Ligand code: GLN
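Before any questions on how it binds or moves, here is one chain, the form predicted alone, in structure tokens.
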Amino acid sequence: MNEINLIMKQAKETLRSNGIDEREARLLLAFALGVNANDLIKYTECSEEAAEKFREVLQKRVSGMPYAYITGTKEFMKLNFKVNENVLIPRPETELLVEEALKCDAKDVLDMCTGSGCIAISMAYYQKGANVTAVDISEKALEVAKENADMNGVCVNFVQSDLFEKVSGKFDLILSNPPYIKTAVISELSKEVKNEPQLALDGGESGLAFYEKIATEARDFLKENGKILLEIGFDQGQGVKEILEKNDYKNIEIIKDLSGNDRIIVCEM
């Protein structure tokens, strides 16, 4: 048997020396033991099998694998989502996009670049009666998203498409958290982020490539007075606003997140 306090102490030192928050040690240990982190206090020892699993997950974390990929789950909008290396890990700031979208009380909703499906599924879950369509170019990402829809008990229409290429119909609301990191910057990202799919990160040379495409193509898929809500990088508000203005959208508004950074941009037909 292995003493919990000792292996926790060693794990914290390992995480700390690799620039990772030492508080993750108890979360990783709880995962290895298959228990809730709050119940760890009940344990003083663990089996060699559990200790070995803990060492394995600890090594994965130190090597740069994000915590959510290790556990395979991530909470978003108080719902649980499966995540793996084929999808971007849902971020808390993206919840602001969903919160703003829910205010629109839209019936027909399109989520572009859906990834794990967290935006589309949250809309279908909380906006009762909404018809939600979710689009992604990645077949593997859509497989994950479909599992998440089933897991959360909602119905979403999933479409594999390069943006609007295979989309049909018109929508009251188009949402997207598209790739928006400049290509040249990706190599400078943390090793955790670089473990996420580059397809979901790379926004082209300017970081604005997807906003250009969405702004240009979305008009054919919006109903009269339809809205677009986009998540943006903290320094992209003015750039995306100019793209939307160039494409004759109106009532453009930039919404800041809790940190005071530009995070969501809203516009209308």
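It should be emphasised that the depicted structure is a prediction, and the values quoted were computed from it without experimental measurement. Residue positions are given as counts along the sequence shown, with the first one as 1.
One more form of this protein exists, namely the form predicted together with glutamine (GLN); it is left out here, but the text below deals with it.
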### Query
For this chain shown on its own, do 90, 115 and 119 all sit within 4.5 Å of glutamine (GLN) in the predicted complex, going by heavy atoms?
yes
### Query
If contact means any heavy atom within 4.5 Å, which of 126-134, 157-165, 175-183, 100-108 contacts glutamine (GLN) in the predicted complex?
175-183
### Task
Identify which of 200, 244, 27, 214 has a heavy atom within 4.5 Å of glutamine (GLN) in the predicted complex; exactly one of them does.
200
### Query
With the partner left out of view, is residue 138 within 4.5 angstroms of glutamine (GLN) in the predicted complex by any non-hydrogen atom?
no
### Task
Report yes if any heavy atom of residue 152 sits within 4.5 Å of a heavy atom of glutamine (GLN) in the predicted complex; otherwise report no.
no
### Query
Using a 4.5 Å cut-off on heavy atoms, which residues of 6-34 contact glutamine (GLN) in the predicted complex?
none
